[in-house]
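Subsequent text provides structure tokens for two forms of one protein chain, presented individually as structure 1 and structure 2.
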Structure 1
């Protein structure tokens, strides 16, 4: 800490001699957030280009076999396909930034009227957030529990069981874990509902049991990963000099583990967990589809199947925002938790 205090004023003098003293962290946070926004901007170009690779085809792809010249013209007009791509990109982006997510083409082909996307995804965002939150709330304590359990008993049968099972679970795709869970718990044992059938607009909390299988599925792979990382971090700390010193000076093993080792192992673990939450993004899309869970991921898959370009763009952009925000957050957390990094920018 003294090193930080000594170095900080010097840094400030070099950087901004005339301005008021600023905490070195503020600059770091601002720069990292700005970089995140810049990345997001480039990603938005990428997403737009990706969905508009074959611009002439989109209209006929949306309508499929039902396409009529009049219908095609209507969709083309709706998507502004007659305007150049750069113009369409700007009008889409400026709309998106102002909260106008555009309207779904596929639902228009069915109902005949453009449906605003923001009205379609409100409930879905809430459902997905619920699913993600439940998973993370279980993920954090459980990974620390299993990680510490297995690191403090390294080489024991318990450790072998934890590492073996996590090595197996880590390599399973979510849809296989989900399918096997459905077979086991819903089909063969009849304990839980196999799919998440709830009325449109109803809250998932009216049927909490539909959350069980999706959360278990998401936990399987992510818990295996975080447990391995907590174990690795914990083993490193347990081998360090100060832990040895604490043991030699007669502290009880439990105190050594929880008061000395765990606190220091936790800093890298927090970053690992933040990154894992980021990795959950892909898992959620697949898991929601497996269980028919009415979330944003299921909506994305349906929109891709229907080649509903505006819908894919808006949902994709929302997912990219969450993904990049989690990445920035993970970086910031590490800098906050590891004092050494605050000055070494």
Structure 2
């Protein structure tokens, strides 16, 4: 055999398109969204079942003591309430999925004309969102400030004062806090209006003073709870090995606190803030009732009293969507804040 024949055959490299790997966070978000959709479906069933087990219906709520069997039957026929519950549920759900919130049967029973729910709740959603946004804009910086202040001065009079006030505020129900604020700032000092009444369709910013007492009431319990979470997280992180190493390396205490400790301490706090925002967006029913604030929570209570099932279902589902969206956002922020969670996805 010749030397040429003994030579190794030439290797030919073939381009094989590599499979593009999906970012781990994309899979995480998709799983959370899928779980959220399944949760919404369960919530819709529970809401419909809950509204249908309430005694009476919109016909009896409208007619009241003057109701007669013939009158009740007539209104139920006009409002299409005689259909089986399963048909009414699927009819409402299919419309909701397509963006149709339906019509208020309570308004239709009174006026005779179907009134779209989207037109009834637009201003109320804006009012509740404004109240929640003002509270959150104060909640986040104040809770971080007081939590860090208390943790970095653990055992000092400042720490004891912040902890004591926080425990006191957490123990008070919202209606008690609101009543005390009305008594102090509205009745005794006369600085602010006791109720938050505004004209239908008017902006709450035309009279900003009506926001002060509701915001302070909501801020009290939320701020106390979030401050305690920030303090607990900061204390744990400040005692960790890498923070001690940063101190021994000659870093200033301010850099140690804000560059190394605060970021990791904020991870559990993000979910607490999200829970507080969920509670705020969810209606703030007690606070809106105490101050007569025209928000979505107050409207939801009125709809339950009137047995307005489509109104309750649509508003309840909108609140559930906000809850789930905030949960997904909070989980994503936690993963972004903590690198080891990001690599584990």
Partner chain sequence: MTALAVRLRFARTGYGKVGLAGSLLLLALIAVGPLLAPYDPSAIAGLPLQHASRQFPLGTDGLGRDVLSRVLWGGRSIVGLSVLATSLAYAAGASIGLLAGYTKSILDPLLMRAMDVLLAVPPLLFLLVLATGAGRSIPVLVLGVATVHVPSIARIVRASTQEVATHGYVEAAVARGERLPALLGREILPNVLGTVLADAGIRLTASILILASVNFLGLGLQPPAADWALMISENRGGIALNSLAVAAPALLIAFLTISVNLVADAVARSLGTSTDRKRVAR
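Positions refer to the first chain, counted from 1. Definition used throughout: the rigid core is the maximal C-alpha set that superposes within 1.5 Å between two forms. Predicted, not measured: the structure shown is a model, and the values here were computed from it.
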Here the form predicted together with the partner chain is displayed as structure 1
Check your understanding: Core aligned, does the CA of residue 246 move at least 2 Å between structure 1 and structure 2?
Key -> yes
